[in-house]
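Quick heads-up: the structure tokens below are two forms of one chain, split into structure 1 and structure 2.
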Structure 1
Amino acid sequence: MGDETCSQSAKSDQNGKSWLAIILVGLIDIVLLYGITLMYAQGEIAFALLTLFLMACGSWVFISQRGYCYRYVFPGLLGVFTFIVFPLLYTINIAFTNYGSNNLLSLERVREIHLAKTYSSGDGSWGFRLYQEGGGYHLVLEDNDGNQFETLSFGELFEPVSIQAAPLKPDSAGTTGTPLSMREIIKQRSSLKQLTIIMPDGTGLVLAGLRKFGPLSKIYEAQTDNPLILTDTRTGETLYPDMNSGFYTDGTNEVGPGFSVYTGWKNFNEIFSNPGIQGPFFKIFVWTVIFSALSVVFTLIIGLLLACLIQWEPLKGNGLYRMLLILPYAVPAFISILIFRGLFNQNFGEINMLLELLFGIAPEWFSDETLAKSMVLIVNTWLGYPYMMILAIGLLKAIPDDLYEASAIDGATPWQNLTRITIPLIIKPLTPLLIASFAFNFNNLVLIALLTGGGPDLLGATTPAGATDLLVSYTFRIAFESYGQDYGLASAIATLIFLIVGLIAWLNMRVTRRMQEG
């Protein structure tokens, strides 16, 4: 029935416009197909397939009459799939691999790199002279038989370059340019190291000393019966790809670079079985839950009390107080965090200066685990209470004044008003927001990254882990810090975070539904 209605409305709107729509969609598809071809040629197969899938869906929606009704929601669905669903699936896929800074490439690319490795065999040598002509340089090489060869001109080099050399005829007037002294040659040594000189017979020469070039030889050659297995031309040893470790190995040593392979549940097993990861992970998980819960509790208490204070009629200048108390919410969070980082500085911070002046103490906020966690909670409470205060002000205004007037007649105290009237009436609409605040603090990367960097470090951890790290900052440090950028392990932890946050969202929906039904 819905499809029939959709088709009817589509027919009424698309008369006379269908051909124009088909032409426009066709032109867009041609451009996209060109981009897909480029992505596929560069090995970006996942992105090519994603673009192809979205292109097919978009073409169906904007051309087919049955898809007419979906064109209004397609842009939103396109954004959700591109920026949420696809990254999530991509992250889960990486969680089952050893993808990292040591295993970035594919097996085919690593094989190509090994086959391209060369060394100077020393089976002969060519003396050389370096000439400068204008802003460029060229070489004249001479073999043991006195034959001379001249290279093409080159400038200052910062990356490997191959240049051709041609015979210098004996009856020619000789090469042009100014010959450089040994001192000048030494200055150009870095550029000469980047050169590979291709001789007329195809031999490659590289710099083999201060005064000579030597021939290049391949380090590895592929076996004919199994091209993936390589043979070392110097020693005769074989290298074969180890699909467990993701490296070429001779049976004893691993030879980099590595390649990415699927490792199954290895990363997840590491989280729950490796003591160097398991211990820090569970400590950080418990602290993440405590931090998120206490942040919600503290910001709610302070925000609610300040909202009640601002709503108090005898208080003069309520508007000014409201503006001042909302200021922490108006200032960008990263600025406030960096200011607090300076205030809590153990040596020069104003907070320690004041404490030392009054009580003779100078707490080590960034070195002591308990103090560091307390500092994080203090700063996060300061950043979060204005939001709770704004919510509470709006909810308090919805409470009828008659209830407070009746309680005043009965002689109720302010505490009784708060516990018997205010909190019971605002807790229902506030609960979903509190759960959302918990989920936000669960992933509060900016606070930890800018304030403590996760420190102080946890002892015995084989990954970068700190006492104030949340799961999200712990994942970030594993992925991008000195541990080796283990994207596979970081993706496994990110997958667990997604499941936890997804569970929180599910609980949020259930609580909201129950409250609406109640």
Structure 2
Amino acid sequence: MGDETCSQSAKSDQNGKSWLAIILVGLIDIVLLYGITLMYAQGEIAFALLTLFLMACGSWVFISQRGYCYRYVFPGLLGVFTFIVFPLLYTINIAFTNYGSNNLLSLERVREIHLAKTYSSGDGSWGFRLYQEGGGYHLVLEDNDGNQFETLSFGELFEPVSIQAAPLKPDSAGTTGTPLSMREIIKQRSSLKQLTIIMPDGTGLVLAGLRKFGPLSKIYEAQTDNPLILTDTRTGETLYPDMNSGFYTDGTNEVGPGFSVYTGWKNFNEIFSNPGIQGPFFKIFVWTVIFSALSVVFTLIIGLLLACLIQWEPLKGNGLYRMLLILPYAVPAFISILIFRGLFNQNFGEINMLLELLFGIAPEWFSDETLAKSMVLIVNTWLGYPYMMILAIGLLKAIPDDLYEASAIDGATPWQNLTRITIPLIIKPLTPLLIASFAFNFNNLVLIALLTGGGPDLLGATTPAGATDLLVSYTFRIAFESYGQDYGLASAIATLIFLIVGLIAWLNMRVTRRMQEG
């Protein structure tokens, strides 16, 4: 039924401009198709498919009349799909691989790297003379038959460089510049070691001694019947890719770099059975739940009390109070969190200075587990109560005044007003917001990353894990902080977080729906 309105709208909107649209879409498609071919050629199949799918959808929407209505939503959905949905799916995909800093590349790239490895084989040698001309140097090489080759000029070298060499005709006047003595050649040895000289026939030469250059040979060559298996040309040993570990191996030793392979449920098994991960994971999970719940409770209590207080009419000047009370919410969170990090500093922080002055104590906010956790909660309550206050003010305005009027006639105390009238009336519309707030705090990476960085560290963890880490910051640290970044494990934990967040989202929808019905 919906389609009819759409094509009708489309007809009225397409007077003569449609050919322009088709040309435009066509041009964009050509560019994209070129990109897709490149991606496919490089083995990025997931990304090629993604682009192809999005391109097909886009073309249909902007050319077909039936897709008219979708023209308005397509660009937005494209953004959501590319930057939210696709990363979520891709994360789940990575969770089943060993992708990480040790296994970063594809099998094909690793094979190419192995095939490009060379050594100086020592058969055949080229004597050389080093010439200096201005600030630059060049070499003249001579093979056993007396043929001479001259290289291009080079300066002082600190990293590997390939340069071309060309034949030096015997009848020409020879090369220019001053030849250098052996002593000076020794001085330049570190530069010469970086050189790979490409001869006219394509062989590469490297320094093979103080007086000669020798040819480079490939260490590995691919077997003809199975190009994935490599043979060491020096020893005849074979290297084969181990699809379980993601490394090339000769049976005993792994040869880096590794490639990423699907490892099935390995990452998930690690989380639940490896004591170095399982222990911290459950500790962190429990703390994440406690942290989120307490944050919601504390901010709600303070926010609600303040909302009641500044909505109270006899208290004059509540505009100013409100402004000042909202201030923690108005200042960007990353700034306030860093301010707290400085204020809580054990040695130079103003908070400890004050406590020292008043009570003679200097709590170790960042190294004691309980204190660090309380600090995180204090700061988060400070950051979050204005939001609850704002919500509560909005909801309080909707409560009719005569309810309080009636309770005042009956002589109710403020406490009774709060518990018998205010809370029962606002708790229902507030519930979905509280669940959303719980979900927000559950994933509050910014607070932990900027305030404690997760610390103090938990003992006995194989990956970096701290007492104040939330699940997301734990994931973040596994993926981006430590040496040996393990994207696969991080994605597996992220996948578990998806499940939890999905559950919270589902709960929220149910509560919202029940509220709308009721």
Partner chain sequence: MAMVQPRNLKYRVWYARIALWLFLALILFPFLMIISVSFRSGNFATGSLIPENPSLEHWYLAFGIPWENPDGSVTEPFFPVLLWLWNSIKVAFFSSILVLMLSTTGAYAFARLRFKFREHMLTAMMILQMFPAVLALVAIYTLFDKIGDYIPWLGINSLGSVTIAYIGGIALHIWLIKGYFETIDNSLEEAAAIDGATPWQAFRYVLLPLSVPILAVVFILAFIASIGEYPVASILLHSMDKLTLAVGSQQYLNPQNYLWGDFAAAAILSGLPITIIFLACQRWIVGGLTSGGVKG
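C-alpha atoms forming the largest set that superposes within 1.5 Å between two forms make up the rigid core. None of the values given here were measured: they were computed from a predicted structure. Residue numbering: sequential along structure 1, first residue numbered 1.
**OP:** Could you let me know which number goes with the form predicted on its own?
**Re:** Of the two forms shown, it is structure 1 that corresponds to the form predicted on its own, while structure 2 does not.
Original post:
On a core-based superposition, does N347 travel 2 Å or more at its Cα between structure 1 and structure 2?
Top reply: Result for N347: no, shift under 2 Å.
Subject >> Exceeds or equals 2 Å, Cα of K283 between structure 1 and structure 2, core fit >> reply: Stays below the 2 Å threshold, so no.
**OP:** Answer yes if the Cα of V161 shifts by 2 angstroms or more between structure 1 and structure 2 on a rigid-core superposition, and no otherwise.
**Re:** For V161, whose C-alpha is compared between structure 1 and structure 2 after core superposition, the shift is 2 Å or more.
**OP:** Any chance you could measure the C-alpha shift of P200 between structure 1 and structure 2 with the core superposed, in Å?
**Re:** Looking at the C-alpha of P200 between structure 1 and structure 2, the offset is 3.7 Å.
Subject >> Core-aligned Cα shift of R183 between structure 1 and structure 2, given in Å >> reply: Residue shift at the C-alpha: 8.1 Å.
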